[in-house]
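Only one chain comes next, encoded as structure tokens, the form predicted on its own.
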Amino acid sequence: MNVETTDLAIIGAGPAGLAAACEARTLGLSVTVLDEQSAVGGQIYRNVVSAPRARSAILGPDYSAGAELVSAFASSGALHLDSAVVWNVATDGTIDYIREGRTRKLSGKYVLLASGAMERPFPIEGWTLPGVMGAGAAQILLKSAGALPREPVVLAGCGPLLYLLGWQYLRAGARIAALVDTTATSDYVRASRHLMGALRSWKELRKGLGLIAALRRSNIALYSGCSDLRAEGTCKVEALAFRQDGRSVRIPTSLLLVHQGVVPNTQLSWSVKAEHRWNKAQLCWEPVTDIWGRLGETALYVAGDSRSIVGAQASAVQGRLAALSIGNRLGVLPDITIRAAPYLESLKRYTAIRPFLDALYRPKDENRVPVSDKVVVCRCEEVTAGQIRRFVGLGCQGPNQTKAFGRCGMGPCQGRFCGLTVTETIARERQLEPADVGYYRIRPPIKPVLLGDFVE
């Protein structure tokens, strides 16, 4: 098999990957970007170049701003390998991927993992019913195809994306039956301690307040401080039930969009046995890197939301910093300090709001660790919270052992959708911290592959 070579291989064509590619090209490095999608932009800027003008207007200026980065990448001279499914990465920079129906190899002197974020699981009763889906997935449908719900939709959970999608739906003419927010008064009190720091990102605060104000002006039914969420239905979702201020509320709906933030997609960094730590503020795992994003003494770097949730602008800056560090190590940028200084300052400014957002939109315990034993945790293998708790009673110590006890995490998603829930459920049952329980042992292939892909 022929092995392609490059100075810098980048996995992911979102803000971090595109910005890193542009920066590396200014240093004269050869750059190859691999991405599963047919067009660059990642999830945040998905379809930004080919989106009709009317759709771009609906999605808002933050979305349209991505066109500038995509254009800069297109003229950078970096090689873009679209529709490339990476299934294995090694610490020496070797990448195995599938493209055009066959497996290929790419060897990078350095590799940047920029695989972005994924929606946090929302394991409540009824979340596996048809008609219940993530708000992030619904936004992808809007960005890629302009798809809108035909019937009144209910948005439930917490986090900025919930309000952003509601605002975008209003602009598109979609009907919203209700927005059910789990954020309580105590969350605002906790977040207020970080308000002064967040004021450095006052533009982002203003945008968020503007979204909320627009929804309130639209006379949508807004419920705050909600708890005990439950999707009801037999063959499909029929209603969302919850409690607010001590009373029970039930809202009929055929489409329920749930969301409680995003978490780093760490499957690739776990697969190379990199060190990870439990982020207590964001309630998720994140790879341990140096300030430039390098994983230990390997050829691998991580940037953007796959390193820690920081948002699009900070992700792009992290990508540029990683590229500068790689240029320094390859000897094309002897003095990194001067060129990196403005980026480091920008990174501080863009991430100043994170402690405030992490505190305000901290997902509730009951929405992360299922209260009811019958709630399905591992959707691929249909393993429930009750089964996981029974596994612990039988001696199961951590997520990896749940595979032996009941195939938990062994489905096509490789634990992406259940890993955090399994970790926290076991930790709660054993009365330990999640850091003491650990995560699945991730092995290649990271994504499902076909035997036919290996036939020359």
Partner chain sequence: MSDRMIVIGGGLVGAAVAFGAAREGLGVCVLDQGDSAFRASRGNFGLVWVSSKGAEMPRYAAWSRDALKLWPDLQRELQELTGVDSGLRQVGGFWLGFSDKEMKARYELLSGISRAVDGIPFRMMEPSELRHYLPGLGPKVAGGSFCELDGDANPLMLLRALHSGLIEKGADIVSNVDVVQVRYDQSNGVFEAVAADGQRWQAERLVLAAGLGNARLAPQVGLQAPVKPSRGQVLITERLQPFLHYPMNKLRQTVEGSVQIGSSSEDVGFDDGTTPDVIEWQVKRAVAAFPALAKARLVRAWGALRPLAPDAYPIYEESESCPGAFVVTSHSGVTLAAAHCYVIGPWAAGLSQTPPDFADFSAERFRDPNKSFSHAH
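Numbering follows the first chain given and starts at 1. Nothing here was measured: the structure is a model prediction, and the numbers come from that model.
Keep in mind that the form predicted together with its partner chain is missing from the display, and what follows is about it.
Peer 1: Out of the stretches listed (40-48, 412-420, 54-62, 25-33), which one is close to its partner chain in the predicted complex, meaning heavy atoms within 4.5 Å?
Peer 2: Result for this chain: 412-420.
Peer 1: To verify the annotation, which of these, 329, 105, 109, 348, has a non-hydrogen atom within 4.5 Å of its partner chain in the predicted complex?
Peer 2: By the 4.5 Å heavy-atom cutoff, the listed residue in contact is 105.
Peer 1: Exactly one residue in 286, 119, 381, 358 has a non-hydrogen atom within 4.5 Å of its partner chain in the predicted complex; which is it?
Peer 2: Of the candidates 286, 119, 381, 358, 381 is the one lying within 4.5 Å of its partner chain in the predicted complex.
Peer 1: Let me test this: is every residue among 77, 160 and 167 within 4.5 Å of its partner chain in the predicted complex, going by heavy atom positions?
Peer 2: Not one of the three qualifies.
Peer 1: Please determine whether residue 88 contacts its partner chain in the predicted complex, using a 4.5 Å cut-off between heavy atoms.
Peer 2: Within the cut-off, so yes.
Peer 1: Does residue 66 make contact with its partner chain in the predicted complex, using a 4.5 Å heavy atom cut-off?
Peer 2: No - in the predicted complex, heavy atoms of residue 66 and its partner chain never come within 4.5 Å of each other.
Peer 1: Does the 4.5 Å heavy atom contact test between residue 96 and its partner chain in the predicted complex come out positive?
Peer 2: Output for residue 96 is yes: heavy atoms within 4.5 Å of its partner chain.
Peer 1: So in the predicted complex, does residue 250 come within 4.5 Å of its partner chain, heavy atom to heavy atom?
Peer 2: Residue 250: no, not in contact with its partner chain in the predicted complex.
Peer 1: Quick one: which residues from 38-75 get a non-hydrogen atom within 4.5 Å of its partner chain in the predicted complex?
Peer 2: Not one residue comes within 4.5 Å of the partner.
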